[in-house]
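Shown next as structure tokens: one chain only, the form predicted alone.
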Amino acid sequence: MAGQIRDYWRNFIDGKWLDAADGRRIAVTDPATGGVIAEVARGGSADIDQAVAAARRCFDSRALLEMTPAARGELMFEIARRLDDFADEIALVEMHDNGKTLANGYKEVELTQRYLRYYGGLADKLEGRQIPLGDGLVDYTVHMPYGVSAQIVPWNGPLPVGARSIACALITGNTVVLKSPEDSPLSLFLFAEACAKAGVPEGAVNIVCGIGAEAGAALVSHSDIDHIVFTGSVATGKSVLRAAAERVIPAVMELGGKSAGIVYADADLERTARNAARGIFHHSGQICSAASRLLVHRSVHDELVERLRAEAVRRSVGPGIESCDMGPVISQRQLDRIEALCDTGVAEGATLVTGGHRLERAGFFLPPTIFTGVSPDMQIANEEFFGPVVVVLPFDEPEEAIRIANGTDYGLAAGVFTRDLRLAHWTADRLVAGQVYVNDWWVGGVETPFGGAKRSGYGREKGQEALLGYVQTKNIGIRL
């Protein structure tokens, strides 16, 4: 594939492409080489002020609300169509600023279009209800948008995650200021171009790249936002929630996980190993719902570990441009953190089956990593690596497996591997997680609600349920 990444990218505010107010820039690094591939305007508090003001003007003008819901849906369809024009460039930047393969870069475009078309189709189906109060009275409900939605999206999947939040906001009549991730911001600027070409009203979508402590903090604490959507770490999520509390505004929070897959003695071990490997090694484990813990019945523990090790070592690791099975982690900072946590696991007494140390080459590469001999109280059994590392813990009884699986602060996802349907239901009922996958990891899709329990956050993204996080109910009572 031919193509070259633009040297410099500006922020998208009020339908215009703007330098940072103070002229600063951020260098964007290719995680496969460690080299700088582009610069982006470094948004700060002044840029956030400008973006929020644009979003407020657009909301107050009722530019979206005066469109019929069906017309707002058609707008999503048009954005999806316009993304076809940018598919090659998006795939290229996803490979070089995010570490994906070229094929997976194109898949990001397809997934984004799927979100846009799904929510476009729902735009005219979000209905209120009539409440009977008796003779001479009419009472009904309508869905009312919050106003200006502040959105902060993660670097591991900025395009589809950002697009689905924007789509939910726009079809319900909200306007958006989105802070794109400084580690992987480029695809969202191309999404902004698609929005502009599709005819999205000026100010309805604003995208600003900036450092979290500057632009992110300025956005969530801004006095003129009405709603927050955040995906990121628990530590940063706490600061976002403190800002939301000061403003008394609602927030949709997705804060990561330490998801456990329970493997019973009767599981199909070949299928389980294949699915578990995909669940933790896809995108180098940089997925919040990755299968980062495996709880394996003691009778099949050794056999499954050997099958999982075989899945790990057969995976090629290298740059996306070489179409390797697994690419780099996002940054030097993240590689250092993952490797340090691996060292902690060894110090805690866990057994390193494979991996655990960076590859001696340019870029930020860690091979697939497996730990056994792990106990539930170890740091590596409780802390999120956000990398290609799985810890394996044995169990003897189903109740013990449930206790271990529910024994962390997280509750994002969980899995069950068994041929026994009754046992699968029993386990799924007792797992504290926003989604439970049975005999495959990541069962679900655009249509299925996604979100966490406990410290993994609250609110739901994806599916019809996501729309309820972008509206509030207004009741209208009339005496005839």
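When you see a residue number, it is the position in the sequence shown, counting from 1. Keep in mind the model is a prediction, meaning the values are calculated, not measured.
Just so it is clear, the following notes concern the form predicted together with a small molecule, a form of the same protein that is not shown.
Put simply, W441 is far from the small molecule in the predicted bound form: not one heavy atom of it is within 4.5 Å.
Among heavy atoms of G120, none comes within 4.5 Å of the small molecule in the predicted bound form. In the predicted bound form, the small molecule sits beyond 4.5 Å of every heavy atom of V416. Of the heavy atoms in G363, none are within 4.5 Å of the small molecule in the predicted bound form.
Across the options 74-82, 250-258, 123-131, 187-195, residues that bring heavy atoms within 4.5 Å of the small molecule in the predicted bound form belong to 250-258. A single residue from the set I338, I380, I152, A312 has any heavy atom within 4.5 angstroms of the small molecule in the predicted bound form; that residue is I152.
Interface residue among F395, F386, Y146, Y115, judged by heavy atoms within 4.5 Å of the small molecule in the predicted bound form: F386. If you check the small molecule in the predicted bound form, you find no heavy atom from any of R56, G162 and I171 within 4.5 Å.
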